[in-house]
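Next up: a single chain in structure tokens, the form predicted on its own.
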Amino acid sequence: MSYAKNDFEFTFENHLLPKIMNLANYIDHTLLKPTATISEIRRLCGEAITYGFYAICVNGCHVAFAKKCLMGSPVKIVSVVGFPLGATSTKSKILEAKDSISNGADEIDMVINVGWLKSGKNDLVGEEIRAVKKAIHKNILKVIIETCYLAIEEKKMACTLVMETKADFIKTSTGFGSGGANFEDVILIKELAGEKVKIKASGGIKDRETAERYIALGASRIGTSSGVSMINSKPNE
């Protein structure tokens, strides 16, 4: 796919820029809807640069374009794998992850095979996570366990598998399931993982107060499409 020169041009009104707060450093500025257009991805990247977000999070087909948009900036690129169901084959997840990294992604957010986990096929879940982690080498791997579909013991097992496979983050949700992040799940994950694995809370996080509470509970990253409004709002507003 080719892109016009003006696809990479950004225009912002300086008087509209907010005072950047530390919250921005936790945010993966996210656009994963299937209808996302090139102009929307371009804007996402521009907002990430302007507001100082840690990363953007996009589908794999947008990684190469986002890399060009973000050239020269410190903003990282996160791409999703096996998204949003987690039910693709291990081989396809590996190929998808490798492709995203080769196109410029810094981090991979991979959905586990929820059906395998619920079937007690924990060895297959663990092997798949290890395989994707090996495929992306030193790049960050976040493992989406999709908490809305799991019972308490299944959540515990999912966290244990992520820790055993040396992945870098446990991520709560895709945002496309029947529910997103909640405080109870982040508390549980933190109790289980401690400092061994970081936490990304995502799914339905739309305001500053909620994001800051997740951080206080132990989340190191917030996945949200509402980052701009969060930063524009005042603390405790």
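Everything quoted here is computed from the prediction, not taken from an experiment. The numbering used is simple: start at 1 and walk along the sequence shown.
In what follows, reference is made to the form predicted together with another copy of the chain, a form of this protein that is not presented.
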property: Complete contact of P34, D99 and F176 with another copy of the chain in the predicted bound form (any heavy atom, 4.5 Å); result: yes
property: Heavy atom contact within 4.5 Å of another copy of the chain in the predicted bound form, the stretch among 26-34, 49-57, 191-199, 204-212; result: 26-34
property: Heavy atom within 4.5 Å of another copy of the chain in the predicted bound form - residue from K118, K76, R130, K156; result: K118
property: Another copy of the chain: the contacting residue among N122, T88, T160, N139 in the predicted bound form [heavy atom, 4.5 Å]; result: T88
property: Contact test in the predicted bound form: T165 vs another copy of the chain, heavy atoms, 4.5 Å; result: no
property: G126: touches another copy of the chain in the predicted bound form, heavy atom cutoff 4.5 angstroms; result: no
property: Another copy of the chain contact in the predicted bound form: A135, any heavy atom under 4.5 Å; result: no
property: Interface membership of G104, another copy of the chain in the predicted bound form, 4.5 Å heavy atom rule; result: no
property: Those residues of 130-153 which, in the predicted bound form, come within 4.5 Å of another copy of the chain by heavy atom; result: Y149
